[in-house]
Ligand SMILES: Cc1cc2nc3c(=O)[nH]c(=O)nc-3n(C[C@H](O)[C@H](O)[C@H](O)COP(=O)(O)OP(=O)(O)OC[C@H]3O[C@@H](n4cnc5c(N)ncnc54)[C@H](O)[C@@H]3O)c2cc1C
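The form predicted on its own is given below as one chain in C-alpha coordinates.
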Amino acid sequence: MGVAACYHVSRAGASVLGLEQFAIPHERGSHGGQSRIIRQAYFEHPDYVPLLKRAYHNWQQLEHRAATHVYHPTGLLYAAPPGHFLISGTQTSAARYNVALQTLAPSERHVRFPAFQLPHHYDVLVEPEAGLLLPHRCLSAYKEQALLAGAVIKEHQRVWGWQKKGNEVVVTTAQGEYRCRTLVITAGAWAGQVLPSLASSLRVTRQVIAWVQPQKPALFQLGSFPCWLIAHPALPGSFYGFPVLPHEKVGGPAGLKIAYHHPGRVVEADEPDRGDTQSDVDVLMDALNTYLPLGCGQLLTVKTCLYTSTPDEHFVIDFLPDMNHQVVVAAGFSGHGFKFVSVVGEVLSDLALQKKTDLPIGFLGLSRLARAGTP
(Lines give C-alpha, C1' and ligand atoms only; values in the text may rest on other atoms or scores of the structure.)
Protein backbone atom coordinates (compact mmCIF):
# COMPACT_ATOMS: atom_id res chain seq x y z
CA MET A 1 0.00 0.00 0.00
CA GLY A 2 2.86 2.36 0.78
CA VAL A 3 4.73 2.11 -2.49
CA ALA A 4 1.46 2.50 -4.43
CA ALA A 5 0.76 5.65 -2.39
CA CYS A 6 4.25 6.94 -3.28
CA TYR A 7 3.41 6.38 -6.94
CA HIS A 8 0.08 8.23 -6.83
CA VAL A 9 1.38 11.12 -4.72
CA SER A 10 4.39 11.65 -6.96
CA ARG A 11 2.23 11.40 -10.08
CA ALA A 12 0.08 14.19 -8.60
CA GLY A 13 3.17 16.40 -8.48
CA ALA A 14 3.78 16.46 -4.73
CA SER A 15 7.05 15.78 -2.94
CA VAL A 16 7.06 12.33 -1.35
CA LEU A 17 9.52 10.31 0.71
CA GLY A 18 8.89 6.59 1.21
CA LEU A 19 10.56 4.77 4.12
CA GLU A 20 10.76 0.95 4.11
CA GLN A 21 12.46 -1.13 6.80
CA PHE A 22 13.35 -3.94 4.38
CA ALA A 23 13.54 -3.78 0.57
CA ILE A 24 10.74 -3.34 -1.98
CA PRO A 25 9.59 -6.04 -2.48
CA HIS A 26 10.58 -8.42 0.35
CA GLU A 27 9.56 -11.73 1.93
CA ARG A 28 9.05 -10.67 5.55
CA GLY A 29 5.48 -9.41 5.51
CA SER A 30 2.15 -10.04 3.83
CA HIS A 31 2.87 -9.86 0.11
CA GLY A 32 5.26 -12.81 -0.28
CA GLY A 33 4.35 -16.09 -1.90
CA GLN A 34 4.43 -15.42 -5.67
CA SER A 35 0.71 -14.84 -6.39
CA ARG A 36 -2.53 -13.31 -5.11
CA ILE A 37 -6.13 -13.80 -6.25
CA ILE A 38 -8.07 -10.81 -7.59
CA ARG A 39 -11.86 -11.02 -7.88
CA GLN A 40 -14.87 -8.70 -7.96
CA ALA A 41 -17.82 -10.82 -6.73
CA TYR A 42 -16.66 -10.13 -3.19
CA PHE A 43 -18.28 -12.42 -0.63
CA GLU A 44 -16.72 -10.49 2.28
CA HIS A 45 -19.00 -7.47 1.67
CA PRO A 46 -20.60 -5.82 -1.38
CA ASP A 47 -19.18 -2.43 -0.38
CA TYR A 48 -15.75 -3.57 -1.56
CA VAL A 49 -16.90 -4.06 -5.16
CA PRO A 50 -16.71 -0.40 -6.32
CA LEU A 51 -13.18 -0.26 -4.93
CA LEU A 52 -12.35 -3.46 -6.81
CA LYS A 53 -13.64 -2.08 -10.08
CA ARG A 54 -11.33 0.90 -9.60
CA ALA A 55 -8.50 -1.46 -8.63
CA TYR A 56 -8.86 -3.36 -11.91
CA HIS A 57 -8.68 -0.05 -13.78
CA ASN A 58 -5.57 1.04 -11.87
CA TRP A 59 -3.80 -2.29 -12.40
CA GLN A 60 -4.37 -1.90 -16.12
CA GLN A 61 -2.91 1.61 -15.98
CA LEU A 62 0.17 0.32 -14.16
CA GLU A 63 0.68 -2.40 -16.76
CA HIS A 64 0.49 0.21 -19.52
CA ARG A 65 2.89 2.66 -17.86
CA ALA A 66 5.41 0.04 -16.75
CA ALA A 67 5.12 -2.10 -19.90
CA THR A 68 4.79 -5.24 -17.81
CA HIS A 69 2.14 -7.86 -17.00
CA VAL A 70 1.05 -8.05 -13.37
CA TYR A 71 -2.45 -9.54 -13.86
CA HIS A 72 -3.33 -12.90 -15.39
CA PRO A 73 -7.03 -13.65 -16.07
CA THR A 74 -7.54 -17.27 -15.04
CA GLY A 75 -11.14 -17.35 -13.88
CA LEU A 76 -12.00 -18.37 -10.32
CA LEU A 77 -13.94 -21.43 -9.16
CA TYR A 78 -15.91 -21.16 -5.90
CA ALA A 79 -17.24 -24.32 -4.22
CA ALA A 80 -19.00 -24.80 -0.89
CA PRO A 81 -21.74 -26.79 0.84
CA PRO A 82 -25.30 -25.50 0.28
CA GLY A 83 -26.08 -22.32 2.19
CA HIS A 84 -22.43 -21.46 2.84
CA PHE A 85 -21.57 -17.75 3.00
CA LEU A 86 -18.80 -18.19 0.43
CA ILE A 87 -21.50 -18.82 -2.18
CA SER A 88 -24.31 -16.58 -0.90
CA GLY A 89 -21.99 -13.63 -0.30
CA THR A 90 -20.44 -14.01 -3.74
CA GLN A 91 -23.88 -14.10 -5.37
CA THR A 92 -25.06 -11.04 -3.42
CA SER A 93 -22.10 -8.89 -4.51
CA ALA A 94 -22.32 -10.12 -8.10
CA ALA A 95 -26.03 -9.35 -8.34
CA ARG A 96 -25.72 -5.88 -6.79
CA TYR A 97 -22.89 -4.75 -9.08
CA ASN A 98 -23.53 -6.80 -12.21
CA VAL A 99 -20.41 -8.94 -11.93
CA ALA A 100 -20.39 -11.86 -14.36
CA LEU A 101 -20.90 -15.14 -12.53
CA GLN A 102 -21.67 -18.63 -13.79
CA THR A 103 -23.35 -21.52 -11.96
CA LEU A 104 -22.00 -24.97 -12.74
CA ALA A 105 -24.31 -27.96 -12.49
CA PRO A 106 -22.74 -31.25 -11.33
CA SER A 107 -22.80 -32.58 -14.89
CA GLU A 108 -20.71 -29.61 -16.14
CA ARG A 109 -18.00 -29.55 -13.51
CA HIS A 110 -15.86 -32.47 -14.57
CA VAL A 111 -16.10 -31.49 -18.23
CA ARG A 112 -14.82 -27.96 -17.64
CA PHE A 113 -12.48 -28.65 -14.73
CA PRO A 114 -11.48 -32.33 -14.69
CA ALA A 115 -8.85 -31.86 -11.98
CA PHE A 116 -11.43 -31.09 -9.27
CA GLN A 117 -13.12 -33.77 -7.18
CA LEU A 118 -16.03 -31.91 -5.62
CA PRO A 119 -18.89 -33.39 -3.58
CA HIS A 120 -21.98 -33.76 -5.75
CA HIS A 121 -24.08 -31.65 -3.37
CA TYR A 122 -21.66 -28.67 -3.37
CA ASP A 123 -22.70 -25.39 -4.99
CA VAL A 124 -20.16 -24.32 -7.61
CA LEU A 125 -19.73 -20.90 -9.21
CA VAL A 126 -17.21 -19.49 -11.68
CA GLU A 127 -16.18 -15.82 -11.93
CA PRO A 128 -14.71 -15.57 -15.46
CA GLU A 129 -12.98 -12.19 -15.02
CA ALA A 130 -11.16 -13.10 -11.81
CA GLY A 131 -7.50 -14.01 -11.92
CA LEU A 132 -4.18 -13.58 -10.19
CA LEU A 133 -1.67 -10.83 -9.52
CA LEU A 134 2.12 -11.21 -9.21
CA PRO A 135 2.92 -9.20 -6.05
CA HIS A 136 6.68 -8.82 -6.51
CA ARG A 137 6.21 -7.63 -10.06
CA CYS A 138 3.40 -5.27 -8.95
CA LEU A 139 5.49 -3.64 -6.24
CA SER A 140 8.65 -3.46 -8.35
CA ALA A 141 6.66 -1.69 -11.06
CA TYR A 142 5.14 0.78 -8.59
CA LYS A 143 8.57 1.54 -7.13
CA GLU A 144 10.10 2.09 -10.55
CA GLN A 145 7.26 4.34 -11.69
CA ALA A 146 7.26 6.31 -8.42
CA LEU A 147 10.97 6.98 -8.77
CA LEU A 148 10.51 8.05 -12.38
CA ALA A 149 7.81 10.49 -11.22
CA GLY A 150 10.17 12.07 -8.69
CA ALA A 151 9.55 10.15 -5.48
CA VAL A 152 12.41 9.46 -3.08
CA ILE A 153 12.34 5.96 -1.58
CA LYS A 154 14.76 4.94 1.16
CA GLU A 155 14.92 1.22 1.82
CA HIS A 156 16.40 -0.50 4.90
CA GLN A 157 15.26 2.37 7.14
CA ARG A 158 13.13 1.21 10.03
CA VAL A 159 10.89 3.83 11.63
CA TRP A 160 11.50 4.02 15.38
CA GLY A 161 8.79 6.57 16.07
CA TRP A 162 6.98 9.70 15.02
CA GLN A 163 5.30 12.70 16.63
CA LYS A 164 3.41 15.79 15.65
CA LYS A 165 5.33 18.97 16.35
CA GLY A 166 3.47 22.16 15.57
CA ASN A 167 2.44 22.09 11.92
CA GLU A 168 4.82 19.27 11.06
CA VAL A 169 5.10 15.56 11.66
CA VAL A 170 8.57 14.33 12.61
CA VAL A 171 9.56 10.74 11.80
CA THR A 172 12.59 9.15 13.47
CA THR A 173 14.61 6.28 11.99
CA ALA A 174 17.97 4.76 12.87
CA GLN A 175 19.47 6.95 10.13
CA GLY A 176 17.94 10.27 11.19
CA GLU A 177 14.86 12.48 11.32
CA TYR A 178 12.47 13.48 8.54
CA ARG A 179 9.85 16.22 8.63
CA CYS A 180 6.67 16.42 6.58
CA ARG A 181 3.30 18.11 6.43
CA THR A 182 1.42 14.80 6.11
CA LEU A 183 2.41 11.31 7.23
CA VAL A 184 0.91 8.15 5.67
CA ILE A 185 1.44 5.00 7.74
CA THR A 186 1.23 1.64 5.94
CA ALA A 187 3.22 -0.56 8.30
CA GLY A 188 1.52 -3.91 7.69
CA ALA A 189 2.22 -6.39 10.48
CA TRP A 190 4.22 -3.68 12.28
CA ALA A 191 1.27 -1.24 12.40
CA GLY A 192 0.59 -1.96 16.06
CA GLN A 193 4.18 -0.98 16.91
CA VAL A 194 4.07 2.27 14.94
CA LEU A 195 0.49 3.02 16.07
CA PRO A 196 0.18 1.89 19.71
CA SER A 197 -3.37 3.23 19.93
CA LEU A 198 -4.44 0.61 17.35
CA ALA A 199 -2.39 -2.30 18.70
CA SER A 200 -5.29 -3.91 20.59
CA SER A 201 -7.38 -3.90 17.38
CA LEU A 202 -4.76 -5.61 15.22
CA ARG A 203 -3.87 -9.31 15.46
CA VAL A 204 -0.83 -10.65 13.58
CA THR A 205 -0.95 -14.32 12.57
CA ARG A 206 1.33 -16.68 10.69
CA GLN A 207 -0.01 -18.21 7.48
CA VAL A 208 1.54 -21.30 5.88
CA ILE A 209 1.64 -21.71 2.10
CA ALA A 210 2.74 -24.85 0.24
CA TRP A 211 3.76 -25.77 -3.30
CA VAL A 212 3.51 -29.37 -4.51
CA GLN A 213 4.39 -31.29 -7.65
CA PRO A 214 1.09 -32.41 -9.27
CA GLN A 215 0.70 -36.04 -10.30
CA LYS A 216 -0.63 -34.83 -13.66
CA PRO A 217 1.03 -31.44 -14.28
CA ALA A 218 -0.76 -30.83 -17.60
CA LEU A 219 -4.09 -30.38 -15.79
CA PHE A 220 -2.83 -27.54 -13.61
CA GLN A 221 -0.98 -25.17 -15.93
CA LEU A 222 -1.61 -21.45 -16.27
CA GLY A 223 -4.02 -21.05 -19.16
CA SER A 224 -5.98 -24.23 -18.51
CA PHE A 225 -6.55 -24.30 -14.74
CA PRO A 226 -8.34 -21.61 -12.68
CA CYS A 227 -7.70 -20.05 -9.33
CA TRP A 228 -10.06 -21.53 -6.76
CA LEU A 229 -11.72 -21.05 -3.36
CA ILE A 230 -13.29 -24.07 -1.65
CA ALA A 231 -15.02 -24.17 1.74
CA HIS A 232 -14.65 -27.28 3.91
CA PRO A 233 -17.79 -28.29 5.84
CA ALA A 234 -15.93 -28.88 9.11
CA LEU A 235 -13.50 -25.94 9.06
CA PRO A 236 -13.90 -22.12 9.11
CA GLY A 237 -12.55 -20.01 6.28
CA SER A 238 -11.69 -21.57 2.93
CA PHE A 239 -8.85 -23.25 1.05
CA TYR A 240 -7.54 -21.59 -2.08
CA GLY A 241 -4.98 -22.09 -4.78
CA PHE A 242 -3.54 -21.16 -8.15
CA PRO A 243 -2.42 -22.66 -11.44
CA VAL A 244 1.18 -23.77 -11.78
CA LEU A 245 3.02 -20.64 -12.92
CA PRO A 246 5.97 -20.76 -15.35
CA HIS A 247 8.90 -20.29 -12.99
CA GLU A 248 11.18 -18.94 -15.71
CA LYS A 249 8.72 -16.07 -16.37
CA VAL A 250 7.28 -15.15 -12.97
CA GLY A 251 9.88 -16.40 -10.49
CA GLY A 252 9.06 -17.76 -7.08
CA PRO A 253 8.56 -21.40 -6.15
CA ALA A 254 7.69 -24.03 -8.74
CA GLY A 255 4.63 -26.23 -8.38
CA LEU A 256 0.94 -26.03 -7.50
CA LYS A 257 0.27 -23.51 -4.71
CA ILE A 258 -2.28 -24.11 -1.95
CA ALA A 259 -3.11 -22.09 1.17
CA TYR A 260 -5.78 -21.76 3.86
CA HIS A 261 -7.61 -18.44 4.23
CA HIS A 262 -8.23 -18.31 7.97
CA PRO A 263 -6.13 -16.62 10.67
CA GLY A 264 -3.39 -18.94 11.88
CA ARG A 265 -1.18 -18.88 14.97
CA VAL A 266 -0.71 -15.46 16.61
CA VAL A 267 2.88 -14.22 16.31
CA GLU A 268 4.96 -11.09 16.71
CA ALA A 269 5.88 -9.40 13.45
CA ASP A 270 9.57 -9.46 14.38
CA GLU A 271 9.52 -13.08 15.52
CA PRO A 272 12.37 -14.69 13.55
CA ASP A 273 11.21 -18.28 14.09
CA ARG A 274 7.55 -18.58 13.24
CA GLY A 275 7.33 -22.08 14.64
CA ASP A 276 6.75 -25.58 13.35
CA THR A 277 4.72 -25.76 10.16
CA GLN A 278 4.11 -29.51 9.85
CA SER A 279 0.58 -29.48 11.28
CA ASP A 280 -0.34 -26.61 8.93
CA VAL A 281 1.12 -28.48 5.97
CA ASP A 282 -0.84 -31.60 6.94
CA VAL A 283 -4.09 -29.61 6.80
CA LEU A 284 -3.19 -28.25 3.36
CA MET A 285 -2.23 -31.63 1.96
CA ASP A 286 -5.42 -33.21 3.30
CA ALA A 287 -7.49 -30.52 1.55
CA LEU A 288 -5.54 -30.97 -1.67
CA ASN A 289 -6.01 -34.73 -1.54
CA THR A 290 -9.76 -34.24 -0.93
CA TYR A 291 -10.54 -31.70 -3.65
CA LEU A 292 -7.64 -32.00 -6.13
CA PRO A 293 -6.24 -35.54 -5.70
CA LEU A 294 -4.34 -35.43 -9.00
CA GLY A 295 -2.57 -32.32 -7.73
CA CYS A 296 -1.43 -33.99 -4.51
CA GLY A 297 2.14 -35.06 -5.15
CA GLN A 298 5.57 -34.36 -3.71
CA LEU A 299 5.82 -31.37 -1.35
CA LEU A 300 8.25 -28.89 -2.94
CA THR A 301 8.28 -25.67 -0.91
CA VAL A 302 6.74 -24.26 2.26
CA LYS A 303 6.67 -20.54 3.07
CA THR A 304 5.01 -18.36 5.68
CA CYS A 305 3.52 -14.88 5.43
CA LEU A 306 1.62 -12.65 7.85
CA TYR A 307 -2.00 -11.62 8.22
CA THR A 308 -2.80 -8.46 10.19
CA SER A 309 -6.48 -8.75 11.05
CA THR A 310 -9.03 -6.41 12.58
CA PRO A 311 -11.87 -7.80 14.74
CA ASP A 312 -14.35 -7.66 11.83
CA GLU A 313 -11.67 -8.50 9.20
CA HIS A 314 -12.39 -5.28 7.30
CA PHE A 315 -9.60 -2.81 6.51
CA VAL A 316 -8.79 0.40 8.34
CA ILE A 317 -8.26 3.44 6.09
CA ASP A 318 -8.74 6.78 7.84
CA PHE A 319 -7.19 9.84 9.42
CA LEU A 320 -5.76 9.28 12.88
CA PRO A 321 -7.90 11.28 15.35
CA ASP A 322 -6.66 14.55 16.84
CA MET A 323 -3.91 15.03 14.29
CA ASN A 324 -5.48 17.79 12.20
CA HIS A 325 -5.81 15.46 9.19
CA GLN A 326 -2.02 15.18 9.00
CA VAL A 327 -1.68 11.45 9.74
CA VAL A 328 -3.33 8.88 7.45
CA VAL A 329 -3.51 5.22 8.42
CA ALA A 330 -3.98 2.12 6.26
CA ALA A 331 -3.82 -1.13 8.23
CA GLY A 332 -5.53 -4.41 9.09
CA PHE A 333 -5.89 -5.83 5.60
CA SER A 334 -6.83 -9.19 7.13
CA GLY A 335 -5.38 -11.47 4.50
CA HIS A 336 -7.52 -10.24 1.61
CA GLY A 337 -6.00 -6.84 0.89
CA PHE A 338 -3.36 -7.21 -1.80
CA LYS A 339 -5.76 -7.02 -4.74
CA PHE A 340 -6.69 -3.52 -3.48
CA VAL A 341 -3.12 -2.13 -3.52
CA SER A 342 -3.68 -0.17 -6.73
CA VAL A 343 -6.80 1.60 -5.45
CA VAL A 344 -5.66 2.02 -1.84
CA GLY A 345 -2.59 3.84 -3.14
CA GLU A 346 -4.92 6.26 -4.92
CA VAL A 347 -7.12 6.66 -1.82
CA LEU A 348 -4.11 7.42 0.37
CA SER A 349 -2.86 9.99 -2.12
CA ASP A 350 -6.28 11.66 -2.11
CA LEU A 351 -6.38 11.79 1.69
CA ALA A 352 -2.82 13.07 1.96
CA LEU A 353 -3.15 15.79 -0.66
CA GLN A 354 -6.85 16.72 -0.68
CA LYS A 355 -7.88 15.60 2.84
CA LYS A 356 -10.76 13.67 1.28
CA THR A 357 -11.50 11.11 -1.42
CA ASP A 358 -14.41 10.44 -3.72
CA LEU A 359 -13.77 6.71 -3.54
CA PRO A 360 -16.21 4.88 -1.20
CA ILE A 361 -14.19 4.06 1.93
CA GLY A 362 -16.65 5.18 4.61
CA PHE A 363 -17.21 1.62 5.84
CA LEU A 364 -13.47 1.25 6.54
CA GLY A 365 -13.20 4.08 9.07
CA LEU A 366 -11.67 3.89 12.54
CA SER A 367 -14.91 4.85 14.30
CA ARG A 368 -16.37 1.37 13.86
CA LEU A 369 -13.61 -0.09 16.05
CA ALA A 370 -14.58 2.29 18.87
CA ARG A 371 -18.26 1.31 18.43
CA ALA A 372 -17.22 -2.34 18.71
CA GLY A 373 -15.53 -1.60 22.03
CA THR A 374 -11.91 -1.48 20.88
CA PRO A 375 -9.73 1.66 20.95
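Residue numbers here begin at 1 and follow the sequence given. Every value quoted in this text rests on a predicted model; they were computed, and no experiment measured them.
From this point on, the text means the form predicted together with the ligand, which you will not see here.
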Margin query: Partner absent here, but in the model of the complex, which of 188 to 196, 87 to 95, 230 to 238, 104 to 112 has residues with a heavy atom within 4.5 Å of the ligand?
Written below: 188 to 196
Checklist line | Complete contact of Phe22, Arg36 and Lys339 with the ligand in the model of the complex (any heavy atom, 4.5 Å) | finding: yes
Note to self: Quick check on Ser201: any heavy atom within 4.5 Å of the ligand in the model of the complex?
What the structure shows: no
Margin query: I'd like to know if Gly29 sits close to the ligand in the model of the complex, meaning any non-hydrogen atom pair within 4.5 angstroms.
Written below: yes
Margin query: Is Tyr142 part of the interface with the ligand in the model of the complex - any heavy atom within 4.5 Å?
Written below: no
Next item on the list: Report whether the minimum heavy atom distance between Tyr48 and the ligand in the model of the complex is within 4.5 Å.
Entry: no
Checklist line | Partner-contacting position among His262, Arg179, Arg158, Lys216 - heavy atom within 4.5 Å of the ligand in the model of the complex | finding: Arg158
Next item on the list: Would you mind picking the one in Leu306, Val347, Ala41, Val329 that has a heavy atom within 4.5 Å of the ligand in the model of the complex?
Entry: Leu306
Note to self: Residue by residue through 194 to 217, which ones have a non-hydrogen atom no more than 4.5 angstroms from the ligand in the model of the complex?
What the structure shows: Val194, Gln207, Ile209
